[in-house]
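Starting off, we have a lone chain in the form predicted alone, written out as structure tokens.
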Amino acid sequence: MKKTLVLSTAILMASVTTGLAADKYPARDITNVVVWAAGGGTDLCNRVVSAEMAKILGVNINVTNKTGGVSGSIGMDAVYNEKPDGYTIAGISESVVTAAVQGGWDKRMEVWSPFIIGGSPDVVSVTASAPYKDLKELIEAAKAEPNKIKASASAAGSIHHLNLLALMNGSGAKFNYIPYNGSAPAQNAAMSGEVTVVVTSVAEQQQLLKGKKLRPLGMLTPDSFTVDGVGTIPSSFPDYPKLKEYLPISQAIGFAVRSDTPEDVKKTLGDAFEKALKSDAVKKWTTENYYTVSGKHGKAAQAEFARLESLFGWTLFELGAAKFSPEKFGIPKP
């Protein structure tokens, strides 16, 4: 009888211990599904921060890429259809907020709880062999022969696409826009001669600018921007003041979990996220790669994405580049 009691107690204790272990998050590796192509800003930011978070959480965070669809919709859909337990997260950027008005997603951004790493400003550049020495020359050429000059700005509905649309509307130029599934493929298209103009972020272009593979013509921000080894890139605003009607718009690169993920899981991720951003490795990388760190998560990050969803959705609609009106999804005007 005594042996039976001891054995039963041992089994009970083992069951309790196993139950506690099962409840502890994270108990296994996490998968980060980046919705944009490998090598782009969203991909690189997620890989750097995920590596630091993995050290803090004590599990691997495996970063993969699932591109395609509209505004990252295929990758978002894949993550959304997984159990909301924090083991599958979506590597996203601000550009996913246009997925609904672009016709690739039927949900509002409120279904996500984002963690915002930060962003880098957009720059208009041309291939090294292009004849345009400054932005005025490029704009005048695009006005003289509308839709002849090929330009890429990542995927349709992305922040880079919106910046290109704003440049066209603010200057009167007309480019032949060629979409790609991410900034890296868009920049590779310039290297292969498929396009002449590229609009992506300074962070994404910096190595190509330093290597003189691309030539910067103008920042799509009110201020100029200095890149080590390249020099100061002038703002496009003085020559084209109408840009102020649409710009500037900022990046919000990071990752997200479903908003119905348990609060304790989101807190664990949030604590690790905050520590990762303060790590020497992340600080060094963001500084060297021209990123401004945000660090927002929780309600602050949800509010930021709601603001971007409104701003981007209505801007895209007013520029004539949206499939549906934001009203269809109950997205308020900014």
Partner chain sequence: MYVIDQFTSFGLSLYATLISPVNILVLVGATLLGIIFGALPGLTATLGVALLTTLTYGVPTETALIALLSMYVGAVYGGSYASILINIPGTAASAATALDGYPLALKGEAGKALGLTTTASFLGTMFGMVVLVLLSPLIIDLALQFTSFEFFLLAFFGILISGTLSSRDLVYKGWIAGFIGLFMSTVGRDRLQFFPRFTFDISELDAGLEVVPVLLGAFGIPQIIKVLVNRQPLARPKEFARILPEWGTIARNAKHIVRSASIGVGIGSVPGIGEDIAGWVSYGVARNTSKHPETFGTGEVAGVVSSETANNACIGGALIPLITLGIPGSPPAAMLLGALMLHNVTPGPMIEFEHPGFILELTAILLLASLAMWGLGITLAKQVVKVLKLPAQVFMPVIAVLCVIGSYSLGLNVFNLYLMIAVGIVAYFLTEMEYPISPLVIGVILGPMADENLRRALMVSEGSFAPLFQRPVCLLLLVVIVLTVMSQIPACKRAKERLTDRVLGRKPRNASMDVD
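Small disclaimer: the values here were computed from a predicted structure and weren't measured. Residue numbers count along the first chain shown, from 1.
The form predicted together with its partner chain exists for this protein as well; it is not shown, and the discussion that follows is about that form.
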property	result
In the model of the complex, the residue from 80, 225, 177, 132 that sits within 4.5 Å of its partner chain by heavy atoms	177
Answer option from 118, 104, 121, 216, heavy atom within 4.5 Å of its partner chain in the model of the complex	104
Interface membership of residue 284, its partner chain in the model of the complex, 4.5 Å heavy atom rule	yes
Contact test in the model of the complex: residue 70 vs its partner chain, heavy atoms, 4.5 Å	yes
Non-hydrogen atom contact residue 65 with its partner chain in the model of the complex at 4.5 angstroms	yes
In the model of the complex, residue 111 touching its partner chain (heavy atom, 4.5 Å)	no
Partner-proximal stretch of 257-265, 136-144, 232-240, 202-210 relative to its partner chain in the model of the complex, 4.5 angstroms, heavy atom	202-210
Full three-residue contact with its partner chain in the model of the complex, heavy atom 4.5 Å, for 166, 298 and 310	no
Within 4.5 Å of its partner chain in the model of the complex: residues from 138-168 (heavy atom criterion)	148, 150, 156
